[in-house]
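The chain below stands alone, shown as structure tokens; this is the form predicted alone.
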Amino acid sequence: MINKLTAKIQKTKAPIVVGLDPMLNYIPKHIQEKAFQEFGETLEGAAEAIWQFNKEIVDKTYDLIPSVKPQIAMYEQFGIPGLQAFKKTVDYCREKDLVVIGDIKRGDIGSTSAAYATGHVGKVQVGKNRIAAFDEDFVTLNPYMGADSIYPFIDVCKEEKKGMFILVKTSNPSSGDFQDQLVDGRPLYELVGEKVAQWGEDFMGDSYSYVGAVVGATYPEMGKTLRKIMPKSYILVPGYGAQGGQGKDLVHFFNEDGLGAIVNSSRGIIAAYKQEKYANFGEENFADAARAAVEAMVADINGALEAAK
């Protein structure tokens, strides 16, 4: 799958991923009202609104982008109907030939980690049948509990040719509470980055490893250091746009081949119609605003990469 992700980035010339992280207040009233007329103001109604919103965003952007990243918590808050909307979204994006990164941030150990891996990137045995449950292409993982939380995913991903992005240095303001703490004079995130590179050495695609890393756009200097520590790992870069990251801040996340990183934007794209510069699209044309935001993001990042050559 890492080979497919790399190929799609090269084909689209868009090293970006659209975060499908819908909140109800992002969803235009006409979509909510239609869903509520059919299902009532219920969890089912909310899930239907989310699904219809996602579908329209994907329909208007899939030809421009290589990948999407649905954040499972945004669906779980609506219970079982929300998880059904998550699954419908994953399946629909795969039908559109998009690479799906399940942003699940799991990080347990032993049989629990194995069960998470089976449910999200593997197949579960049911009688004589092996069935894929959520069936994402990549997942995000929290390594805080150590290698025991990662190895079950590596085992399943090797079997299924799927991959992972491991949290190394995240974009949130308090990430330094733990990630920046010094261990033998070095910040913890560097040691985690070294582990990611080590795990990835035994799980390589053609040019890049199936074991990637999450490094926030809000810490460009740290990204520069981690790029050197993990030369063969793809870096998933959250924090673009709404959290302050810009194309000029991100050039060091990429390798000299112009690859090696994929930049995420969530509300900056899916709720673009709420921004002043896209307000002319209006609520009815929210997905057209999302497409325009994708085009602007691609131009910003590619322009920065070109200027840095």
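When you see a residue number, it is the position in the sequence shown, counting from 1. On a predicted model such as this, the values are computed, not experimentally measured, just so you know.
The form predicted in complex with a further copy of the same chain is left out here; the points below concern that form.
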**Asked** Any of the heavy atoms of residue 299 lying within 4.5 Å of a further copy of the same chain in the predicted bound form?
**Response** no
**Request:** Please run the contact check for residue 145 against a further copy of the same chain in the predicted bound form: heavy atoms, 4.5 angstroms, yes or no?
**Result:** yes
**Prompt:** Taking 4.5 angstroms as the cut-off for heavy atoms, does residue 31 touch a further copy of the same chain in the predicted bound form?
**Reply:** no
**Message:** How about residue 284 - does it come within 4.5 Å of a further copy of the same chain in the predicted bound form, if we only consider non-hydrogen atoms?
**Reply:** no
**Prompt:** Though a further copy of the same chain is not shown, can you say which of 221, 95, 76, 155 has a heavy atom within 4.5 Å of it in the predicted bound form?
**Reply:** 76
**Item:** One stretch from 229 to 237, 203 to 211, 156 to 164, 109 to 117 that, in the predicted bound form, holds residues within 4.5 Å of a further copy of the same chain by heavy atom
**Value:** 109 to 117
**Request:** For the stretch 151 to 188, return the residues whose heavy atoms include at least one within 4.5 Å of a further copy of the same chain in the predicted bound form, in the order they occur.
**Result:** 167, 168, 170, 171, 172, 173, 174, 175, 177, 178, 179, 181, 182, 183, 184, 188
